[in-house]
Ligand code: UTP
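Here you get one chain, nothing else, as structure tokens; it is the form predicted alone.
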């Protein structure tokens, strides 16, 4: 039975590949064991050849050239703190966002497809231990943020988590092992990100092994497609969820559900809203929110002309100062529209030249490249912004909500992220009247951690009872 199934599968695959320029994917069939043949056929079924063909012609066989907008202007953004003119609008937005959370219309969505290998961690990145006292993982901190949202607003938001094929099972195992970090199993929906093959520069799909196609995630923009393909959007529709709070797994300071952000999104009838931080320097490697030919969008740091990146306003402030931090609120209906097959509102693809270990199609030997030898295609979620109605940008304070952990050492490393978590906890305590010791350089002279389930911000912490009046120098303090 197995033999006949493989014969039929091979014949179907050969017919499907005929005339596509991808017949080489079956070249080593005779070298494979039966289990390897099963895996190869499974890989082939996951490739949408009709989708790939125009992308190969446009992005692989030729290198797209960035076509800069004719006019680039700074965006009109809401400030992190309202002035007198905006104070009433912010109060009303806060009330409106709070009502939406309490009604169960807002869900959290975490993009968590990465592995922790760059951090020296063997497992899904969301399992990386990061908090300064408990070593609580990123997943635990996000879960506690949702529990804190329930405590404060009376409704536990549903949580959608996008994994990748490489970490899906280990992510599920991690949640199971830790009792879903205090949540119920049915509070969470897990699903896996889509993949695209890596291509040789001539357009042929690369083989990672003779029986395995070189596949990689289709970018964080693919998260929107995955929401649709997985049934997550249908699940939201059934539950009456209308707004999706999007964030990536590497930022433990994120406010998973922010009522002000949601409220401004609703009040302005926006379909996609974004948070920004003031850039650390002119050339910081973050996307830049801009009005490009009148449309709000993000221009990557590598594409923004240096003259604009360094431009100044009359008062000396940076002209293009809104850095993208991958925190968004999206309407469910908008995501449904941009992920509908054949829709005119489709995300563009981007080319990335990467080093990929692969099989030499001439010799069958494995290649370990010293430089980029393959093309990967990916989508970016911020490319949806120009497609949305009334998109808005809200500044937030970097020290309150953005300290990603990306690198093992240096900037955006566990050391800098833990430092920023301690700094924020110290500020919150000081705002509540607690005395926190400081070193000569101004850094807190204590190890402090505040669980998100206890407090979501300084105002929330102020409502908690039995807060310490002072912290001892060198003390380790955990508030949970």
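Remember, it's a predicted structure, so these values are computed and weren't measured experimentally. Residue numbers count along the first chain shown, from 1.
Missing here is the form predicted in complex with the named molecule; even so, the following discussion is about that form.
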query	finding
Per-stretch contact check against the named molecule in the predicted bound form, the hit in 362 to 370, 394 to 402, 231 to 239, 111 to 119 (non-hydrogen atom, 4.5 angstroms)	111 to 119
Sole residue of 127, 157, 217, 148 within 4.5 Å of the named molecule in the predicted bound form, by heavy atom	217
Proximity to the named molecule in the predicted bound form, single hit among 288, 193, 270, 131 (heavy atom within 4.5 Å)	193
Contact flag, residue 249 vs the named molecule in the predicted bound form, heavy atom cut 4.5 Å	yes
is_contact(residue 162, the named molecule) in the predicted bound form, heavy atom dist at most 4.5 Å	yes
In the predicted bound form, residue 350 touching the named molecule (heavy atom, 4.5 Å)	no
Contact flag, residue 318 vs the named molecule in the predicted bound form, heavy atom cut 4.5 Å	no
Any residue of 3 to 22 that, in the predicted bound form, places a heavy atom within 4.5 Å of the named molecule	none
Cα distance between residue 134 and residue 115, which in the predicted bound form differs by 3 Å or more from this form, closer or farther	farther
